[in-house]
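The chain that follows stands alone, in the form predicted alone, written as structure tokens.
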Amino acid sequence: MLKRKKNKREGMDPHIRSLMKIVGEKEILYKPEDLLSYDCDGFTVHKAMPKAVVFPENTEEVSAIVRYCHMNNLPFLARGAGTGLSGGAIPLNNEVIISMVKMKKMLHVDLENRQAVVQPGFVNLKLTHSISDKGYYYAPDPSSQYVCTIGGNVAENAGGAHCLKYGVTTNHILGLEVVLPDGEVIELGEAGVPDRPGYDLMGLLTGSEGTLGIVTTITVRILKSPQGKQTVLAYFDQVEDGSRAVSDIISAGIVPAALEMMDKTAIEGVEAGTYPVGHPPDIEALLLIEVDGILAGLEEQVEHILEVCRKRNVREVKVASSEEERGRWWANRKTGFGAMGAISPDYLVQDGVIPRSRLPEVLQNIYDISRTSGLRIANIFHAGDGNLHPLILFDSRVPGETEKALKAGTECLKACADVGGSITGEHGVGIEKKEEMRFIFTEEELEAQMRIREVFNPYDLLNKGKLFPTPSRCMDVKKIVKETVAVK
């Protein structure tokens, strides 16, 4: 008696079979062992397994996947390189993950009009590398720019070291193609016409953390490479002196392209990392300052910066003598987050914003939080625009330390909010900071924002449970009363 050959699709989840028909058998992962690497993003404190991961190659496939999920009530979310630091790509609800990594083409470059069109999986730094020989570059430069994707940058409204002068992602977006949560494809903006009348829907989508739609094509602004750059490195024996120098530089009318700061613990980390440069081990703080633009006037700006630093008791201040030295200084800074792994088993990256003038006060508060919690906190941040990144060092193998780190992170954000700042500058809210949204918004303001989400994402299938806190009981009662009155 002949045995019937078993079909490998027998017993397979029917949704998986249907999704295979859209993208092909080889463009979907659904076995548990294949899904393990998609259970979190750069925020590793929380993890959850997706239902499946699909790899579309164009807008039409993304639209078909989304339409299928919408019609079958399947939760879904988009994912880029997974470098996000707030849990925005964690599949909390057993989502179908739509990975954009195969949509990685540069579709068009228009140097005359200074713009480029890319797919969302196009890597940030690759854009600059692709056009640098023509004398152009792409300004937003998050620390993970060698691997993060421009689609993910749009979702988080990513910034970077040079956003002080050049702005964040939203300042460089000219047009978006977006798949809405029901599968409809829309286009926002028009190349070359950045100031069209009407509501700024591009601005609304940029930074919405993948809760309003999935970006499938992006038109970005590219810039002419500056004629010259000068980079200054300053060492301080007191953190407060370095902090005061930051405000003094800006007050002097100088707008550096970048103005970065690291404290002693952060310096210990980067010197133990991949790109040490020989920072003094006993130094309390350093500033990395860069000015760029036309050659005329650069030297004058540098001299003014040196003068400011000397007035603030700088121990040593120097100007990069070559492009190679400048590159080493920046590599040391850019790998700062990852370098913390050289001095701590685990670390939690926070992301708050404060007025520059409150920098000494807030840094002291963070050091007090470190002492109270018993956990070391390293500070690496964009000092020029007050975007702090406290890195809380802990060991998840020690019972209770993860909880301590999370509590310390919340306290750091509260310290930022208390001086009129924000709980995030560029890393987003995701799941990590959604309850802390109450530090800066009232319940009514949060409700208004959630109603905007409902317009785009009425069934809450796209990236559910991100960005906003769980509604309070009070607001739930208000909503029920409103709906009851409306029905009557």
Ligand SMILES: Cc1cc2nc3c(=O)[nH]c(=O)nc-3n(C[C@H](O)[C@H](O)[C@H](O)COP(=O)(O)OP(=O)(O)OC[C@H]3O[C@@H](n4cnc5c(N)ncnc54)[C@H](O)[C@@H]3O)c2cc1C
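Not measured: the values here are computed from a predicted model. Quick note: we count residues from 1 along the sequence shown, nothing fancier.
Just so you know, the form predicted in complex with the named molecule exists too; it's not on screen, but the next bit is about it.
Engineer: Consider the chain as shown here, without its partner, and state which of Gly386, Pro256, Pro120, Pro91 has a heavy atom within 4.5 Å of the named molecule in the predicted bound form.
Structural biologist: Flagged contact: Pro120.
Engineer: Just one of Gly242, Gly269, Pro181, Gly151 has a heavy atom within 4.5 Å of the named molecule in the predicted bound form. Which one?
Structural biologist: Contact with the named molecule in the predicted bound form is made by Gly151 alone.
Engineer: Within 4.5 Å of the named molecule in the predicted bound form, do we find a heavy atom from each of Thr265, Ile354 and Leu393?
Structural biologist: No: no residue has a heavy atom within 4.5 Å of the partner.
Engineer: Spell out, yes or no, whether the shortest heavy atom distance between Cys416 and the named molecule in the predicted bound form is within 4.5 Å.
Structural biologist: Contact check for Cys416: no, nothing within 4.5 Å of the named molecule in the predicted bound form.
Engineer: Test of understanding: in the predicted bound form, would Ala81 fall inside 4.5 Å of the named molecule by heavy atoms?
Structural biologist: Ala81: contacts the named molecule in the predicted bound form.
Engineer: Even though the named molecule is not shown here, does Ser144 get within 4.5 Å of it in the predicted bound form, heavy atoms only?
Structural biologist: Looking in the predicted bound form, residue contacts with the named molecule include Ser144, since a heavy atom lies within 4.5 Å.
Engineer: Does Ala155 reach the named molecule in the predicted bound form if we count a contact as any heavy atom within 4.5 Å?
Structural biologist: Close contact exists here: in the predicted bound form, Ala155 approaches the named molecule to within 4.5 Å, heavy atoms only.
Engineer: For the interface check, one of 129 to 137, 366 to 374, 408 to 416, 156 to 164 should have non-hydrogen atoms within 4.5 Å of the named molecule in the predicted bound form; which one?
Structural biologist: In short, 156 to 164.
Engineer: With the partner left out here, which residues of 370 to 404 have a non-hydrogen atom within 4.5 Å of the named molecule in the predicted bound form?
Structural biologist: The stretch touches the partner through His382 alone.
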